[in-house]
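Below, in structure tokens: the form predicted alone, a single chain.
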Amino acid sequence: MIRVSHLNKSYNYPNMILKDVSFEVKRGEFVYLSGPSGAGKTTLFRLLFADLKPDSGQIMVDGVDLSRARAAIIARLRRRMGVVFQDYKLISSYTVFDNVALALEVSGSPRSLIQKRVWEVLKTVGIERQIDRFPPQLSGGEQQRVAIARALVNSPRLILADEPTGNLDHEIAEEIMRIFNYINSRGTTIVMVTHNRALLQCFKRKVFYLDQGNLQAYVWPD
């Protein structure tokens, strides 16, 4: 699903943010990308959905070479993935339904399919009762559920999540993690950025740990 080879990235050479980073995520895996602040996690996250270009190296995502692909090919790839952000990035003047439906509307899906699919994903994340409310009327945990539903609505093969529990208290964070585990159990590959060691220990998965631009992989011990 994802293969990163000898990746290098710098914003002010020669100070490297990422140094010769290589790793692989297999289809259906759920892995964490972790490390201290400033380690390069967000930079790597942005590289994985082609929001940034690497200085050198290769990033293959679902068969697409992000360092060489044309804009139209990357746009098609993004329709096969979902992205979840720490700050939700919901449109405050849109209802829950409209925020989630937007991705399907952009792709030209018929209204009947949009209504059916939006209801399904809202029910999956447990937020269907809030379908007509606006983001400012929701709690942080509810807004993150809407953001996850929006990422799910196109039935993605891959979900990238950047600190999706970072603004939530521990109890709500665990609820959000259980949603991600359920999504993964149905075959969706998940790469999640987090620095929350309590969640890493509670929900054990493979960890790609970044520190000063270098990456190592390990499995959290029992």
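Source: prediction; values computed, not measured. The first residue of the shown sequence is 1; numbering continues from there.
Just so it is clear, the following notes concern the form predicted together with a small molecule, a form of the same protein that is not shown.
Within this chain, P164 is remote from the site of the small molecule in the predicted complex, having no heavy atom within 4.5 Å. Contact check for A39: a non-hydrogen atom falls within 4.5 Å of the small molecule in the predicted complex. Remark: I17 counts among the residues lining the small molecule in the predicted complex, judged by a heavy atom distance of 4.5 Å or less. None of the heavy atoms of N184 is located within 4.5 Å of the small molecule in the predicted complex.
Note that among 59-67, 41-49, 149-157, 176-184, the stretch whose heavy atoms approach the small molecule to within 4.5 Å in the predicted complex is 41-49.
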